[in-house]
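We begin with a single chain expressed as structure tokens, specifically the form predicted alone.
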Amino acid sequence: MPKSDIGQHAPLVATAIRPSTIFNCNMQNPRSIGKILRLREFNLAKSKQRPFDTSKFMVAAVHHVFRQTRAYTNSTFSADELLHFNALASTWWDTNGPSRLLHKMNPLRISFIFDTIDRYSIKSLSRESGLKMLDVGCGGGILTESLARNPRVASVTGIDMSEEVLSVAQQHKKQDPALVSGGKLQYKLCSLLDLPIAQEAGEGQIEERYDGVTLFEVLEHVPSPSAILQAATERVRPGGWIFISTVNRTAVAYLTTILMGEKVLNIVPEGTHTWSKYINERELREWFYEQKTNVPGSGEHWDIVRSEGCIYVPFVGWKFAGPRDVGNYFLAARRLQ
């Protein structure tokens, strides 16, 4: 089959394969990719009335799907999501403003990160100080700055796709001379999928991956959580961590976060949450088990070592309490190899 024909047919396959399906297959295994491509039946040979080279067709189709997948997942936030958070930029650091619940949650985030490291680190793999951290969806830098001020952290990179919000983070950083002069904190306007992946360090080389990646209040705002999780795991060194907080997709969560939080009490800006994007704790566990634990030959192994439900108590703040499969929850996953 002429090369031009291969390229012509490849998009037909791509239209029947969701990009998230590609991210959910074992990318190390060509048979897995082939299985994905055979999920739909195509009569492509008949369309040209002549036989064609299946192997060349498969390669072209996979490459086309990868290009489409990158275009799809690079849009890690929808236009509506970006507009929503852009509108909050000017009030991000107002502790009594629209982002006040994030300010109130910040001590719980910091506590969760370092308590987990202290309790579950494996001395032969994990570092307990000199940590290199990545804050995904850093917003105006509430958590990012707190991490940079922690003496156990060597460096922090905060990334976000909102130029307006990231500008607020840059300006607020300048208010603390220690953050400016110390060089521990940097911000980047990019998607996690566009952040370069460091190669595994060999003998005599410096390990460039991260000791910890935070995904706090991120997964419920992206169109492809699986792609973000995959990208996050690729950027963690052995012995490192992924820290997640999100919301279960339950009736209780809808009542508390959207109906009461947004529409009745107005303690969260309306439109912040979309119930259908919430992710059950069980679904996260299954993703790590299927993609990162139960995959022969993947070269990776992850354990979920901690998962905690949390609630907001008016006039008190956020507390770890309640079941982990009902409302808000935190989860920590550790890379063993």
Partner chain sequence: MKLCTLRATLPVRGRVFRTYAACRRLSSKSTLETVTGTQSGIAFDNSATISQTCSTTMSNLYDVVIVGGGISGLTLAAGLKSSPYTSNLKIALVESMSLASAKNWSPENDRYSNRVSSITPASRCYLSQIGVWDYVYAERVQPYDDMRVWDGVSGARIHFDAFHLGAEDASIAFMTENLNLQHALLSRLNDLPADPPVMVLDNTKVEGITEGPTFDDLDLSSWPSLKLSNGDIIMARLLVGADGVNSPVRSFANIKSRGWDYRQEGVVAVLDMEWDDRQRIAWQRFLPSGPIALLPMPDGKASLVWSTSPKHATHLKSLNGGAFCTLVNAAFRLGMVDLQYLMTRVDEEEITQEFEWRDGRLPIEAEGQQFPIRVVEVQEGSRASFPLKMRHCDTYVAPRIALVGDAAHTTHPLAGQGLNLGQGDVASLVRVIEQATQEGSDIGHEIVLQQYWAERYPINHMMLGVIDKLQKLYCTDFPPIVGIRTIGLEVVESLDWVKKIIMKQAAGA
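Source: prediction; values computed, not measured. Positions refer to the first chain, counted from 1.
Same protein, other form: the form predicted together with the partner chain, not shown, and the subject of what follows.
In the model of the complex, the partner chain sits within 4.5 Å of a heavy atom of Pro177. Although the partner is absent here, Ser146 is a contact residue: one of its heavy atoms lies within 4.5 angstroms of the partner chain in the model of the complex. Not displayed here, the partner chain is approached by His103 to within 4.5 Å at the level of heavy atoms in the model of the complex. Taking the partner from the other structure, the partner chain in the model of the complex has no heavy atom within 4.5 Å of any heavy atom of Ser129. Checked against the partner chain in the model of the complex, the residues Asn86, Asn266, Thr95, Gln186 give one hit for a heavy atom within 4.5 Å, which is Thr95.
Only one of Asn150, Ser121, Thr91, Thr233 comes within 4.5 Å of the partner chain in the model of the complex through a heavy atom, and that residue is Asn150. Across the options 178-186, 234-242, 214-222, 159-167, residues that bring heavy atoms within 4.5 Å of the partner chain in the model of the complex belong to 178-186.
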